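Listed next as structure tokens is one chain, alone, in the form predicted on its own.
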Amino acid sequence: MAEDRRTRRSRRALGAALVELVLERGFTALTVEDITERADVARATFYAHFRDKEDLFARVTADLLAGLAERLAPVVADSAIGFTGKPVLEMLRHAREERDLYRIVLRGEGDGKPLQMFVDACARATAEEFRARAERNAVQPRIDPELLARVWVGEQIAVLRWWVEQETLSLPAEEVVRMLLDLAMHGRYWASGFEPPA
């Protein structure tokens, strides 16, 4: 039990050090020694858990995704049809709490691998949910669920990155969600101020 607690504490310290240092210097400039010094953890402890700094970044990203999935599960299951805005709101709340980590992932630090990991996981989960909704509601999607998921996730990621990079969040999460929901329900043409052609 003490070993597990110590392991978790070391991993948390290493993850926090990684995030702080990436924000200060960028991922490429970091060494394992920089990370272990900041975390106050021995290099041997680092290598007992991770192969290299890329492995640490991948683990931190996987943990971020697991935390996000845990938070999204109840709100996704809350609606048979979807389009409630609740999952996006929960993602924005999670991003607000884990802002620095979201910032380095969404910036593409680490040769873009954590960002790709994040996008792929979100797109996979979204496509599964789109397929399940179509089946539950006995509807045939007009656009392939994989493509639809990639478009939806791409828009969310772009908005999420813009939102977390602001020094002061100019729009509350609820307002961002309302606008994204309007966009999802009415489309880009309507959102640009035009009336649909008759």
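Basically, rigid core = biggest C-alpha set you can superpose within 1.5 Å across the two forms. All residue numbers refer to positions in the sequence shown, first residue = 1. The shown structure was predicted, so the numbers you read here are calculated from the model rather than taken from an experiment.
What comes next is about the form predicted in complex with the DNA, which does not appear here.
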Pick from 134-142, 167-175, 151-159, 41-49: which stretch has a heavy atom within 4.5 Å of the DNA in the predicted complex? 41-49
Is residue 65 near the DNA? Define near as a heavy atom within 4.5 Å, in the predicted complex. no
Would residue 58 show up as a contact with the DNA in the predicted complex if we use heavy atoms at 4.5 Å? no
Please tell me whether any heavy atom belonging to residue 146 falls inside 4.5 Å of a heavy atom of the DNA, as the geometry stands in the predicted complex. no
I'd like to know if residue 37 sits close to the DNA in the predicted complex, meaning any non-hydrogen atom pair within 4.5 angstroms. no
Where, within 167-182, is there a heavy atom within 4.5 Å of the DNA in the predicted complex? Residue list please. none
Aligning on the core only, does the CA of residue 9 end up 2 angstroms or more away between this form and the one not shown? yes
